[in-house]
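Given next are two forms of a protein chain, the same chain in both, each as C-alpha cells and marked structure 1 or structure 2.
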Structure 1
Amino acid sequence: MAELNVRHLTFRLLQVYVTVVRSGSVSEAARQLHLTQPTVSQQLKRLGEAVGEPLLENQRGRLVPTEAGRELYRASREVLGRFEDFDEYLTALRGGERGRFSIALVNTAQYVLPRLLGPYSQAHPEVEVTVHFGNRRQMLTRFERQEDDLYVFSHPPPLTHAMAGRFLRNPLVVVAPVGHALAGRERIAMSELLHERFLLREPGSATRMLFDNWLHEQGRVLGPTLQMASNEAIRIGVASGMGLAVLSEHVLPPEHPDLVILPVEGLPLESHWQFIVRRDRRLPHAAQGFLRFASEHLDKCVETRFLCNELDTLLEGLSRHWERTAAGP
C-alpha cells in the first residue's frame, strides 16, 4: 500500500480538489478556477498519485468523493479554511485593523493625544496601543534607543534618521492668577513682567527652551524663578498666587476661572505638536493606520483653531522612503 507523499501536496492541488468535489464536475471546476479541463484533470491525477488511493468516482454523471476522498475533502477544507482565516487576518493587519504599536509622548501631550486615542481605540478595538509618558529627556532617550513606533514632540529631535509631520498648533501663553494687577490690560510689554516670579519647567523641556530662546532674542532676563516638575504643578501654583508661568494653551482646562491669560506683546509663542517616525525602523501597519485615522479625524477631535494637519505629507514621504528601501541600492 502506497504511503501519502505529503511533499507532493500543494495548496493549489487541494483547492482544485475541493472545487471539483463541490461542483461535481471537472468542466465546472475548470470554469470556476479559470483553468483548462486538461489542467484540472492533470491536477487530480497528481493528487491521486500523492495520496495513493482513488479519490473520486462517477455516480450518474457527477463526480463524488470516495471514502478516502471524503476524508481528504474534510482535511483540505480545514487546511484551506485556516489559511483563509490567516489571509483575512493579514488583510486586517495590513489595513491597520489588528496588531499593536507603541507611542511615546512628552508630558504636555497627555492633554492632547487622548482626544485622538480615545476615538481611535473605539473604532479599532483589536489594536493594542501602548502609551509612554515622560519628560523631554526621557522621551529623547526612548527615541535614541528606538523603543517605540511613534513619538510626539513639540520641539523634535534631530531628524537625521526620522521624519516629522505637524498636526496641531501648540501656542504658549503667559498665565497669571485671576486677581493679578495686570489681568485687565489689553496689551502688556514683557518688560513689565521681568520682576515677577516665574514658575518654570526643568531645563531641556520644550516649553522652557522656546521661552528662554524668545527671551534671549528680546534681550530680556527674568528675575526670580521657581522650577517645578510638571505642568499640572505649575498650573496649580499660578492659581495659588505663587507666580506667573508660560504654558501651552492645551494645559489649561476649558473653564479656568482661577487663571487668566495675559496679553503679552509677542505672544503666544508658536510651536506645533508633531508625530515623529524613525526611518530606520519599519512602522507597524497598526501605527500607519493610526496616523491615517488621525489625518482623517483630527478636525473632529480637536478645536479648529488648533489644527495644522500635515500628516498626509508624512505618510506619503514614509511610503516613498520604504519603497526606495525595498528596491535596494
Structure 2
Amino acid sequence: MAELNVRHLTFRLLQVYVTVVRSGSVSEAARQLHLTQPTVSQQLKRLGEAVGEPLLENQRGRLVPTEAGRELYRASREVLGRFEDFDEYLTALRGGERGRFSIALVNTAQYVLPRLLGPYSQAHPEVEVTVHFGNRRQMLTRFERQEDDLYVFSHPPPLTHAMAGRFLRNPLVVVAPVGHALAGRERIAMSELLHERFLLREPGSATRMLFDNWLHEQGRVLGPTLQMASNEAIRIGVASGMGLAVLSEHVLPPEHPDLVILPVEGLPLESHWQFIVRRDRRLPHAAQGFLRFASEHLDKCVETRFLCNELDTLLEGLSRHWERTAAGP
C-alpha cells in the first residue's frame, strides 16, 4: 500500500532529516539550519509520509530514529555523501585536474609533443589523454569530423570554426649523408640539388606539402624521387646514402654524426606548429588545463631555439569565446 514514493523526495529533505537525527531535536536542527522549528517539523512529516513509516520517536526528551528511521538515516548519509563526492569531482574537472581529452598530431610532431605530454601527465595523473597520430591528410579528416579536442598542425585548415595558437618553430631543412659532395659547402643553390635523388614523405603529409609548394613557387621540378611514409625511414635512408631529403629539424636527433644539414638558399623553410581548437566543440577543462600547462612549461620542455609561445593569446581568445557562448540567454 504505502509505497516508498521517491518521486518528490528532495535532497534538501534528507539534509534536514540527517540534521535532526544527529541533533536528536527538531528545534536544535532548526537552529543549525537557520530555519524555524515548525518548518523542520513539517519537513519531517512530509518525509515520514513519503516513507510510509514512522521515522522518529520520543525517548525521554530525545528524538530517536525508529528502525526504519535508522535505515533511512544510513541511506541519506550515503546518498548525500555520494553527491558531495560528485561535487568534488566536478571541482576537479573544472580545474582541469581530472577528466580526459584527445589530441591529434601530424606525424612529425610526435618527435616533440611527448616532451610536453610527459611532464603534463606526471603533474596531472588523473587526466586521461588520448593521442592520435597520422599524416596531415588523416588529421584533416579527424578535424572535419570533430573527433578530437586538440589538433596540432603546422599549416592548419581554414579557421572558420577554429582558433589557433602557435607554440613551436618547425624548420624544414635539407639533409644529406655526412660524406656527400655538397656537405662542406657554405652556400648551395636549390638548382644544384635538382638532379640529386630525394627521399620524400608521401603526398598528404605536411612535410611533403610544404616542400612541394615551395618548389612549385620557384617553378622547379625534382629529379628522381623515392617515397616513404615515415620520417624515421627517410632519416636512416639518407644516412645510408640513399639520397637527400627535406625533414623537420625535430626529426633529427640532437647528435647526428652521420647526417649534415645543407645550407641551401631559401632554407630552412620556416613554419610553426600550432594547437588548433574547434570553436563548435566544447573544450574539456582538462584540455584547457593542458594548454595552460603547455603555455607555462614550454620553455622547460623544448630547446630554446624552437620556442615560439603564443598560447597566451589562444587561451585568452578561448575564454572570451566561451564566455560569450555561455552568456547566451
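Every value quoted in this text rests on a predicted model; they were computed, and no experiment measured them. Each form is matched to the other, and the largest set of C-alpha atoms that superpose within 1.5 Å is called the rigid core. Along the sequence of structure 1, residues get numbers from 1 upward.
Annotation: structure 2 represents the form predicted together with the DNA, while structure 1 represents the other form.
A movement of the C-alpha atom of residue 73 reaching 2 angstroms or beyond is seen between structure 1 and structure 2 when the two forms are aligned on their rigid core. Superposed on the core, the two forms barely differ at residue 286: its CA moves less than 2 Å between structure 1 and structure 2. Remark: with the core as the superposition reference, the CA shift of residue 263 between structure 1 and structure 2 stays below 2 Å.
The Cα position of residue 42 changes by 11.1 Å between structure 1 and structure 2 once both are aligned on the rigid core. Overlaying the rigid core between structure 1 and structure 2 leaves the Cα of residue 15 displaced by 6.9 angstrom.
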